[in-house]
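Only one chain is given next, in structure tokens, and it is the form predicted alone.
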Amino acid sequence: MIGVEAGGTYTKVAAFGGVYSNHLALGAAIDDALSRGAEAAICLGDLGAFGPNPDKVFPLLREHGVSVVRGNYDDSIARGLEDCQCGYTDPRDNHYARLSYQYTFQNTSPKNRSWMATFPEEIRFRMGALDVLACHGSPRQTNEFLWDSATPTHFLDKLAQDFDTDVIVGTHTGVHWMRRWGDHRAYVNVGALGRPANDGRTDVWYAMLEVVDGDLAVDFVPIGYDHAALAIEMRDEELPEEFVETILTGWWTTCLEILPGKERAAGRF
């Protein structure tokens, strides 16, 4: 497997988002993508946050040549900012975001911080005849939240027109979804590898993009991994028990206020 190169053309691409230091899930997802015949792979950023020992993620990405788009976490850590630029407004969510960011910053090596500074804000490539723009939040704003229930199609269409692309691929929300409209236009949120999708499952998710009969097909792939081992590692690193609970149960305990009503109602809290 190779990384997605700007301007390259592909027929089958694995797209990972929101790794959040979950090296066990990342390794499992890379193995799964290889078994499914992915010819290239791209990570849409936020390598750190939430999970333990962020430096364990980088060797996996380098070993497999995975291309990486800069997320808000990556940008903050590379530039030594005071916070994660996560885009939260709720005091409780910001409290946990600060704890997560401080831990990740302190445990990311200077070598890896320097590598994060080289990540581009977007990568454009082609899937068959379709133009694809890969970003973190949206093409216009790294930390923009796009939700299935709250993002109108006309807004997505304007993004596609303004940024001259057929397909936008992003992450940031932690919940996978997609929408199609018009002639071959689509938005794909690939989900997150770092934590479950607030669905009561311990699996995490990535997206396999494939050209089928000239159009884009998307398969959202659940990844099972040793989440119990990750929870032990998180406790060894003295990360908040609220983070550990999410890994063990599949339900979010933090970052809840940013969820629109429909997405929040689908969770436990």
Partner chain sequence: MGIQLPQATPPNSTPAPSADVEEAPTVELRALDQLWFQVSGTVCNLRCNHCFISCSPENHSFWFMSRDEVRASLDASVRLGVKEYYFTGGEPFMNRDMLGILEDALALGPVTVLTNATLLPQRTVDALAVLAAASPYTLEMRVSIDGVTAEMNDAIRGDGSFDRAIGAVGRLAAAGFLPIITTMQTWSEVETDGILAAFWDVLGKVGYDRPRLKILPPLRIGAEASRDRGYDEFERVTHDMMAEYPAELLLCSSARLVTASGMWACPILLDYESGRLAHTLEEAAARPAVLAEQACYTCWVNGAICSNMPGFAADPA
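Since this is a predicted model, take the numbers as computed values, not measurements. Residue numbers count along the first chain shown, from 1.
The same protein also has a form predicted together with its partner chain, omitted here; what follows describes it.
- Contact annotation: of the candidates V13, L259, I247, L24, the single residue with a non-hydrogen atom within 4.5 angstroms of its partner chain in the predicted complex is L259.
- In summary, among the residues D166, D148, D199, E122, the only one with a non-hydrogen atom within 4.5 Å of its partner chain in the predicted complex is D148.
- Contact annotation: its partner chain lies within 4.5 Å of heavy atoms from the stretch 151-159 in the predicted complex, the single such stretch among 151-159, 189-197, 108-116, 122-130.
- Shown alone here, C86 lies within 4.5 Å of its partner chain in the predicted complex, counting heavy atoms only.
- Contact check for G8: every heavy atom lies farther than 4.5 Å from its partner chain in the predicted complex.
- Taking the partner from elsewhere, G3 is found to have every heavy atom lying beyond 4.5 Å of its partner chain in the predicted complex.
- Heavy atoms of Q141 reach within 4.5 Å of its partner chain in the predicted complex, making it an interface residue.
- In this stretch, 165-200, the one residue having a heavy atom within 4.5 Å of its partner chain in the predicted complex is R179; the partner itself is omitted from this view.
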